[in-house]
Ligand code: MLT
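Presented below, as structure tokens, is a lone chain in the form predicted alone.
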């Protein structure tokens, strides 16, 4: 079985695939433009990608390809419809990066409250300003204990965040299209509803909102002007899922008008490349805490993803079954 790896992948994962008897062709950073010709030349059974996009034009050059494995959770960088039309199964590694992303969400929440990056920047600039950063009330740190945190989306990442937020003494309210009161109770949080009116009601009562939803037709720009208008002045908005679920212009307007603070790991129109010049308008605003879509970028998470990728290939090789399949 041939496996083409088109992105950076853990050494342990490559060794695991090799131990299965696979012929591993490792071409990290090949990029979308060169991926099609590589598929035509190598004719792999399995393609492993992380961030590299796999559009229909690439899939058109993939004769013989059986499975695409997204070494991560989402599959929005893969044209799943085109893959299905070619008879190619698409699978992912759900839940493997949940702890890492939840940890970053907590970090962003803490930074919004305690203004840690701003404090560091002032010290690096050669100043001491305890007066500014120790004040309470408007513009100061409230402390997470006792805050109401709305967790929107209670998949693996949302559940990991709930555990951490509860440990910090926060009152957590969970909203999801599929959550039940019994599920919320088992997670140690309050049931926050399943529909849009309930989501807007949560926006109005929460001191902080953390979003953990996939990007799709029903979630694209779900968080727009109406949602941010409903949020409390000075509330915190955390997004570690996908940039496209937020109307970022509306968020910026709310940050300016209502003093919202935002912790963002993902953005509208963010570069696809690992390194690129990019002027992020939101990052320039006071109250913005921004990271580089690195939620899953911990050793623990990447090793877990690599192990799951090897498991998917092992099952495929031994039984012909495709596990974690998102297209039937």
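Numbering follows the first chain given and starts at 1. All of these numbers come straight from a predicted model, not from anything done at the bench.
One more form of this protein, predicted together with the named molecule, exists but is not displayed; see below.
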{"item": "Contact of residue 244 with the named molecule in the predicted bound form (heavy atom, 4.5 Å)", "value": "no"}
{"item": "is_contact(residue 50, the named molecule) in the predicted bound form, heavy atom dist at most 4.5 Å", "value": "yes"}
{"item": "Non-hydrogen atom contact residue 296 with the named molecule in the predicted bound form at 4.5 angstroms", "value": "yes"}
{"item": "In the predicted bound form, residue 149 touching the named molecule (heavy atom, 4.5 Å)", "value": "no"}
{"item": "Stretch in contact, per heavy atom within 4.5 angstroms of the named molecule in the predicted bound form, of 229-237, 200-208, 169-177, 68-76", "value": "68-76"}
{"item": "In the predicted bound form: members of 78-111 within 4.5 Å of the named molecule, any heavy atom", "value": "97"}
